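Each of the two blocks below gives one form of the same protein chain as structure tokens; they are labelled structure 1 and structure 2.
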Structure 1
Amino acid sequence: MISIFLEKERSDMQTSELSSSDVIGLMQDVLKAASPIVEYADSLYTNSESLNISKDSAEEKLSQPFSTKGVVFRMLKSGEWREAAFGDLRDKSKILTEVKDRANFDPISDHAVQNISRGKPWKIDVEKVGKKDPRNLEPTEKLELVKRYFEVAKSQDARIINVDSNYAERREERIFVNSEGSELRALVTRVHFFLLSMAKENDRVEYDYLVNGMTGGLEILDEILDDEKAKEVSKKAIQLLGAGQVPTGTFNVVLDPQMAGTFAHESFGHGCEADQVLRGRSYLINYLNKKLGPEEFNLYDDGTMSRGYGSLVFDDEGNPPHKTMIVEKGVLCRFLNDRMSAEEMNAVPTGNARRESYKRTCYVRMTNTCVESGDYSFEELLKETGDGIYLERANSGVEDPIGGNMQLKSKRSWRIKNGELSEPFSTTVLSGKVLDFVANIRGISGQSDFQTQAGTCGKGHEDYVSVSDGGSYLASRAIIGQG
């Protein structure tokens, strides 16, 4: 069955008549009315429009979901936040009344923090749509691109029973205004592509995939995709049909850049979000300024990364993004902070306060989280490993910021024998204690191997934001299990 549909752009509010300058003026007027009553106030406008196109053996879909537009006003009084969110901005008097009502509140709880980290006011107005603005290509032309790579992957072998080819783009406008005098606006586009090939022989089914995305325009597809890469996905799926089961136990391991990035995000990054630390929900709470691993181990979060899928112009509290060294020369040196946690920790905001949209809560969130490259080559890491397991193609990761356990799954792995790759294995699970894994790091390969992968990250299984993670090849020791 083939079904193609294009929904007209709709919004969950009626603000199409409001320009960006209109929105800024409204935000300034409302904050001016609320500011004398509270210690601090800010406002965030978000306008997110997305397009998703997919094709598999059953159907083709070209859909444009509703856009999400609105403003949230936030006020701090005696250490307590109050918020008011609006999807309809046409009735200014109603907005003023509701926000002033929030600003006049009597705090209902005692809070240890009576203030937030302050910053100098700044202004910026930028648009980052890349060299090839996605809007300059018709949706039907993007569908043809999706169909093309479906056919390339599907035609490689009769054992390829299905292919999922998917293109996604998002266009996000964010405006931030606060009582300190900051006035910020950014328009950013993100492009993402996913290709999965499923192979079957007798009763066995395996798959392989290609996925990545970046901040920018359609020119990034030239780096993510070509015919040979699409063919390789199907070839790797076929190869897995003959792969054996990985041996279990504790082994020396080498992780590919995808697996290293998944480790950086899932196993380490979540434990470094300061709101989790302050709630006592991080296994890293007692390790600040302590040596965890070798000097060559450095891990960072960088919201300024060029074309990073999680990169920002400013975070949702109006802070500029930073490259934040979380681990430097093996020492845990800082956490990721928003304004509130920075004040409590006597630190500075790191540009990691993020909301999914104006409708959702602002949390400390990662942006682009990576293991920094080292000096080894991949071949040198294999030789140093001797005998062990090489894991590639990250499949999933489970966070455990409280217990500090790790569980990462790879779609494919290989036996390392006498410093060389030998037979392949199917789905493999890497587990153990994060701090044991870090302490056992034996080397990381160079910058030429560095790669990132794009995706979304939730907080408590919702509140999804765009992120990426990455690294180079990384050698350590861990428990290996079958997936």
Structure 2
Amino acid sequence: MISIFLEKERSDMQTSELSSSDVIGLMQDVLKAASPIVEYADSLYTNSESLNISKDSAEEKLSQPFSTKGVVFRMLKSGEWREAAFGDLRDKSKILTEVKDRANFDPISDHAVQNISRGKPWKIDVEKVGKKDPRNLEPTEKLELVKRYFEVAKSQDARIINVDSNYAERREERIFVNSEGSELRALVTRVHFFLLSMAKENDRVEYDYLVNGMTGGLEILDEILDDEKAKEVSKKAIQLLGAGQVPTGTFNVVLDPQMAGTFAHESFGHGCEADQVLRGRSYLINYLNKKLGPEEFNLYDDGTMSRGYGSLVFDDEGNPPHKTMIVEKGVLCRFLNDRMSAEEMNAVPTGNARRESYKRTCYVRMTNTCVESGDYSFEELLKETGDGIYLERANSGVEDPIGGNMQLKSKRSWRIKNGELSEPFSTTVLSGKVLDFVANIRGISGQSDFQTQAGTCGKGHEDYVSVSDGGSYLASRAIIGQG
């Protein structure tokens, strides 16, 4: 048993009713009452606080859009789960009664897997607020920062008609207790900046943006944004006013590091979630230990990544996070597991069980998912491509876990002609089969190009968690359409 639990006062994250210690006491008491009735039980408390500060041409806003706190209890019997969740923790006896009522059930269905992978109990209590805790800077100073980047981007050109400058910080406390004796608490801060410039000429409006975030404190802002980057956003928006429509069809393509990251997460990663694999809902189900792509194609999920937006202290089943190599030298070598799927696959949990909050279900989720760098330069990849399309500034992506198709959108793209970039195009969609795309990888650029980007990811159409993805420039072949 690891024990680094700190018996210090936690006055800064008290709920309106209970301190963190009181919450742990409540969770333990309820689990103690429920545990004898079931085979396994755990409980997760989540407390999210946020601050958003934004400015555009019409409004300056200061708000706290994410604010939720509560606790969920989860109980297992013969492979079937029951859960109950509460946002109001004042009435302990009511919570006890309702949880015991739910725990006292007969499974409705027969389940092939009756149990979950069991772990050793451990304890931890950490607070990761970065070198510069966001709380130590007054909101007025953060607003000044937001205003400054607004002005820098807006003043670039008279055609910039609006700029959306947006700072966000999130402070998240999670407490996990289970019937095995684990007692875990973590307080993590995440900082995020979004800058969008809108350009208008005649009747045409185009825009470009910069967005990123990391786990940590205000020191992150220095990496995300500076004046030159803010000016570049406006310049790119102006450039798009003259962009044409991308040619359609199948092309050799080069993805920028953001697009490569979006590919790693959306197109490839979702098929590696073991719950999907076990449900027969992954296009990768028959490809374990098979070669999918070239030797230099390596892909991993890393919940321990320093300052990764999706990094964790523990997952929402109480497992420590891991760096998991999913693809090594082009070979699919393992999937991401929670406790249930690990039991079924005779594997070990990889620290990927996550809930959006106490209100939502726990699933296998990615953390920070990246394509490893190769040894090409960007220029070499363009030359090797000859004629094709270069996609940059990831806009979105969506998974097709069973079909293995892909949809990635970039805010802009360029024609590659004779190994060089020529004219720009506006929003571009990349599509095709993931396995074809992987098999056609022609090269990945070096570590100096590696970038990560922050985002949120849903399981299906809801259940959003903080994630990041990353990569370097990547060359392959895909279907291209206008976005």
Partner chain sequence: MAQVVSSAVREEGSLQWDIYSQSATDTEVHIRENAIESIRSPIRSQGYALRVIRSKGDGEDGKPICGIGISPGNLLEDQRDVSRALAFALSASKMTSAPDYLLPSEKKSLPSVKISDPKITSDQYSSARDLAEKVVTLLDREKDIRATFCKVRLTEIKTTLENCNGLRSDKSETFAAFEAGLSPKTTLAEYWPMTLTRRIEDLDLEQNIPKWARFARDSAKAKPPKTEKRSLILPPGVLSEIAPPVVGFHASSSALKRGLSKWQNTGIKVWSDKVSISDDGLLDYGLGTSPFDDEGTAQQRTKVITRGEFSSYISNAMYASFVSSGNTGNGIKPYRSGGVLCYSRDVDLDSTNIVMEAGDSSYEEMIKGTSRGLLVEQFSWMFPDPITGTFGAEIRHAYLVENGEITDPIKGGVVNGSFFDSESGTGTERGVFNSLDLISRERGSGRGSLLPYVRFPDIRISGE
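Under this definition, the rigid core comprises the largest set of C-alpha atoms superposing within 1.5 Å between the forms. Just so you know, these numbers come straight off a predicted model, no measurement behind them. Counting starts at 1 with the first residue of structure 1 and goes up one by one along its sequence.
Between structures 1 and 2, only structure 1 derives from the form predicted alone.
Once the rigid core is used as the reference frame, the Cα position of Gln447 differs between structure 1 and structure 2 by less than 2 Å. Residue displacement note: Ser35 has its CA displaced by at least 2 Å between structure 1 and structure 2 (rigid core superposed). Relative to the superposed core, Asn202 shifts its CA atom by less than 2 Å between structure 1 and structure 2.
Core-based superposition between structure 1 and structure 2 puts the Cα shift at Leu89 at 2.7 Å.
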